[in-house]
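Quick heads-up: the structure tokens below are two forms of one chain, split into structure 1 and structure 2.
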Structure 1
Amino acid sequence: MNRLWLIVQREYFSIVGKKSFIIMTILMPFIIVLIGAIPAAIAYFNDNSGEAETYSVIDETGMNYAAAITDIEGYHFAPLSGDSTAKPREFYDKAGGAISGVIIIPKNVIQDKKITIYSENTISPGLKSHINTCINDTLTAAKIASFGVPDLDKMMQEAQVDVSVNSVRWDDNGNEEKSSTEVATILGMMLSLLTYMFVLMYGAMIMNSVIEEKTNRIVEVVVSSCKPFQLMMGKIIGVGLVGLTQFLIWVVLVIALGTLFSLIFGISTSPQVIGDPQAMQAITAQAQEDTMSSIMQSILSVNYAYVLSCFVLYFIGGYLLYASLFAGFGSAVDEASEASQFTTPVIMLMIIALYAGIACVENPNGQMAVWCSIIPFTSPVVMMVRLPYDVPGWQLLLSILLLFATATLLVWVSARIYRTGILLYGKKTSIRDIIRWIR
């Protein structure tokens, strides 16, 4: 036990002390936050970058639809009286650079449902969708009016049904609580991705560490002082702790930097919402029905203790399972480049698990979801997605038992591969060799 702890310590500090590790650990949160913040920052600078661009709107219909296009930040729309014979370019040239472009609303716009923007600039999707929304509403109203039925517009409005589906879950005592599959699903997906990334990144790290020890021949000295099993487990635990450290630092830094950025720019850093006014509207619409408090309630209603304790179990099991495979295969080769014949199938398994997990969001209690969440190689990733949907107790139990049984078995198998592999040099190892070592 003492030796194992020593090996864990050495493994941990040898990686944590590396320059590449420190740089990566500090840089990553900046990259993440920057990627999130760039659109916000651009929007921020755009808003303050002086004058708005002006677009002339030529309304050939004579119905004054042009007035419907309201100004937004950065854009001003100036209606012009129509002249169907003039070319848009002539307007533009006449303005002599005072306008950025010309918007033509053609005479038969109600039938054709088309308007055109002429400009030397590329028109941003944001601008297009703004104009689209403005014109749509006005034209719809005009069209309804054109039917000549009194109060049709009111009828139309009332006829519009938009049902929002609320789900209510009974807890064990039969009490009602608002369930929140959205929040839980997002949480599940995140945990699932986290497991996937962690296993792949740190699994590879373990393999490199094994190969390095083998290549520089220190391994023979070390295994004359401890059991190969201790060395392998020390590595797996040490690298696991390194991973936890890195993730903790990332989480803390991302939150801190994110807060900092949003303070500086005074806006939310979530990029999709800002770039897309429609999404913004959708959110406002939803917010009218679902009050803020109900969103909060749904966030709070997730059984975090249950989800997180399951996560920890699956995470440890999944990590052990894959890490031991990486350690075992690492010991069987002399160079990292030789290892791909063994690691490719392992990585394929992980990718299958990830895709199964993504697919299970659609149908979390379907055949595939159930099976993939029980099979040990995919369960750590897939079960995370299923957790919010009340997995039957027996499935959860079976899945965890199978996962840990398999992980234990694979640790044992890998230890046998490792024991022989680390002391074998200059021989190309085949799967057949490895099977013989296990026996």
Structure 2
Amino acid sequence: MNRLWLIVQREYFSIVGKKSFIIMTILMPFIIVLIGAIPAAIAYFNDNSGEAETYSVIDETGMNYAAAITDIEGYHFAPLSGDSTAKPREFYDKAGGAISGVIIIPKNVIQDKKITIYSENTISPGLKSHINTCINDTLTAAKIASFGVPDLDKMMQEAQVDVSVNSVRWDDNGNEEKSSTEVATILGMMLSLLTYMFVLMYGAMIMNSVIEEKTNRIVEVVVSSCKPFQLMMGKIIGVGLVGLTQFLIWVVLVIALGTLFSLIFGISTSPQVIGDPQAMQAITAQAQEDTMSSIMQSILSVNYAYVLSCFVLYFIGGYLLYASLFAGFGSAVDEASEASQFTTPVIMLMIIALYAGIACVENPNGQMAVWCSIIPFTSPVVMMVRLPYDVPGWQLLLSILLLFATATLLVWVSARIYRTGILLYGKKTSIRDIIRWIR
């Protein structure tokens, strides 16, 4: 055991002691936020780049439906009328490149429910969606007007009811508590992605470490002082503690940033900043109080101690399960490029687990979600999606027991692969060889 803990300490401090680990651990939350902002930035620059394209809109109905298609960022629409659209190509060629396409609104558009866009290039989804929305709204209004009922459109608008759905749950004592589906969904997806990322990243780190030590022949010296099983478990435990340390630092950073944001948000939305304090103070203060109270109730509706405790358990179980496979397969090869034949099925299992977790967001208590949260190879990821929705106790207990039982079995199997493969050089290992080592 002393040798095992020496290996654990060596693996742990060799990673945690690096400046790169400290820097990346601190910067990672900001990088994740930046990655989340990249799609918005791309969409912004994509919408505001280049010169606006012009499309001629020829309305054969004579009802001025062409004017319903309004200009948007990047597109200008020139409404026309007439019946000279038998040959749209001639009309396009006559424009001499001044337009990008021709939109035809036929006479029987209300009956056929079709319009046509002619252009040399395939139109963008955004352009198609905008034209579709504009024309549908206009033709719907025209259809309503054709019924001849006075103020029918106004009555239909007043008949539309927009209901806001609030979620309230009962605790064990029967008391009512506000809950938030949105908060539960976001939290579940974040924990699911963290589990996937941690297990895959640190499992690959163990495999690369094993291959590196094997290639440099350092392992020959190390196994002369300890058993191969102790060396493998020391690596797995040491790197796993690195992952838990990183997660703990992130939790502290998120709490600190959340507190700082709350203070800044409270100051920036003060009535003294918004306008005349005497005129706005009462209304603004009450609105802010109601909004912040509702937001805080939604955020605090989740039992974070329970969710994070389960997250740690599933991370440990999932990490042991997959890291042992990475360590065992890493010992069976001499180079990282050769490990793909063994690690590809393992990575595919992780990807399947991630897709199953994403699919279960809409129905976290459905049959697929329940089974995938119990099966050991997918439960570390899928159960994270279900945890904020109060999983039944027997399902949680069964899932954890199966996960750790499977992890223990795979650690034993990987140890049998490791003890033989770690000292084997110059020979390509096959699946048949690995099966023979396990036996």
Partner chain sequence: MPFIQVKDVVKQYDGHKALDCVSMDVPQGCIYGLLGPNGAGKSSLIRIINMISEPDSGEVLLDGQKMTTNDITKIGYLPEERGLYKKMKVCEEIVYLARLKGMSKRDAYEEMDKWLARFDLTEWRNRKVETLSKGMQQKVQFIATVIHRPQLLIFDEPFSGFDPVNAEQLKQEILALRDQGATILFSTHNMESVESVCERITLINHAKVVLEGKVTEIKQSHKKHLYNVAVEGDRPIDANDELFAINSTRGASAQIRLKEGTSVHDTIAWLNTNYTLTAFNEILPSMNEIFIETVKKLNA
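Between two forms, the rigid core is the largest collection of C-alphas that superpose within 1.5 Å. Residue 1 is the first residue of structure 1, and the numbers go on in sequence order from there. Predicted model, so just to flag it, every value in this text is computed and none were measured.
**Student:** I need to confirm something. Of structure 1 and structure 2, which is the form predicted alone?
**Tutor:** Number 2 is right.
**Student:** Would you say V251 moves its Cα by 2 Å or more between structure 1 and structure 2, aligning on the core?
**Tutor:** Yes, V251 moves 2 Å or more.
**Student:** Please determine whether the C-alpha atom of E212 is displaced by 2 Å or more between structure 1 and structure 2 following superposition on the rigid core.
**Tutor:** No, because once the rigid core is superposed, the C-alpha of E212 moves less than 2 Å between structure 1 and structure 2.
**Student:** For C310, is the C-alpha shift between structure 1 and structure 2 2 Å or more after core superposition?
**Tutor:** Where the cores coincide, C310 shows only a C-alpha shift between structure 1 and structure 2 that is less than 2 Å.
**Student:** Looking at Q157, what is the CA displacement between structure 1 and structure 2 after core superposition, in angstrom?
**Tutor:** That residue's C-alpha sits 6.9 Å away in the other form.
**Student:** Using the rigid core as the frame, report the C-alpha movement of V16 between structure 1 and structure 2, one decimal, in Å.
**Tutor:** Its C-alpha position differs by 4.0 Å.
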